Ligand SMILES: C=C(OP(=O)(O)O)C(=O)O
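Below, in structure tokens: the form predicted on its own, a single chain.
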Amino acid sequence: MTTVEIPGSKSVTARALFLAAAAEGTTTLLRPLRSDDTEGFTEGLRALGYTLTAAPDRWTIEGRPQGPAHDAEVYCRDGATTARFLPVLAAAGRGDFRFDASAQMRRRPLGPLTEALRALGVDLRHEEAEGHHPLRIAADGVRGGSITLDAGLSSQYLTALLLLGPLTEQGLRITVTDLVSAPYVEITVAMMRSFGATVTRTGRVFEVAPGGYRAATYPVEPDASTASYFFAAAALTGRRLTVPGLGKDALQGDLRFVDVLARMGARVEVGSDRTTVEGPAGGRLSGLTVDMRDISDTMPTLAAVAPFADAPVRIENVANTRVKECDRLDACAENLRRLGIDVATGPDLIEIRPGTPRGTALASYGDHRMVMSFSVTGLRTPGITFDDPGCVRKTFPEFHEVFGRLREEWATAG
């Protein structure tokens, strides 16, 4: 059996950095993710005047409950969590702040979040396209109150406002009209409680009490989205693979991807502190229709192994993947067609028919998930290359080395 150590969760690391910065006291994060996204987040915190000390396996953050130390300009790179969470952190303080991001991140929508901040009295102005970076905030704290939010494009809008709640004078009451990727919100609520916040939910109404956060020592669990590539690799090759650190109590909903693999014929064991996937003999996977609204970051992983199923794989309810680092539905479809696979797409779905992929050059679209997903296809299809393999640095800089060692181990084992 193969064991693969997966780096820390990007989602958990980003939330923990926000919570640590806002907390009273000094927080230590254990085994945080080091990647372009999280480095961008820490760079942004430093620009806002927060003190962060990084050791190889732990980061120490000095909290500032009063908010950023001074006026600042922050460049958010490609990071959606950086671009959506740090303006909220700044809004809770006092001062003048400007935020900008890469061309890729500028294209991604921000409107529902910034409109909610304006409804709470935040003086916020988009400098160019409304609802997109760059933006300016003249911050004077946030009083709080009741707002309505559409989080149908991104759960990060809701997460950002939930994180803001304890920093307001009155707390927040958020009524959500639509919500995608709900498990990410569950991560947020659980982590807020670990840092001393009070959050309640009744249906689509979230209530957050004022009172701030308390510092903590917080371990960051492995990234479940990243683990999906290795679980899919086992399913596709008939191998047995274990990821330690992700078990029954894992915060991340993307671990539910293994349930999809189980429906396709893989054997799945979820223990207290680890998850094991064993693929069916010969990697003979079954086709299926699956709603991936709650685990949409793993949609490309499934799309990349779908051609090897014995019947069509239809992935539904993933319209939000069109506004990620790229339009992932169309990007997956185009790469599959380059591989010689018959694909159909709709506004919120993709259907992939069985076929034998051929080795060819694939487009990364600057999206780490395209490269990591279709690297799995390459386990059974020699000759797949990418125009920008290095874009994996966004979440897993060592991906190619780790995945290459896995490939060699399995090839040697026969």
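Residue positions are given as counts along the sequence shown, with the first one as 1. Here the structure is a predicted model, which is why all the values come from computation and not from measurement.
Below, we refer to the form predicted together with this ligand, which is not included among the displayed structures.
- Using a 4.5 Å heavy atom cutoff, 78, 108 and 156 all lie near this ligand in the predicted bound form.
- Exactly one of the stretches 303-311, 325-333, 132-140, 256-264 approaches this ligand in the predicted bound form with heavy atoms within 4.5 Å, and it is 325-333.
- Taking a 4.5 Å heavy atom cutoff to this ligand in the predicted bound form, the one contacting residue in 265-299 is 297.
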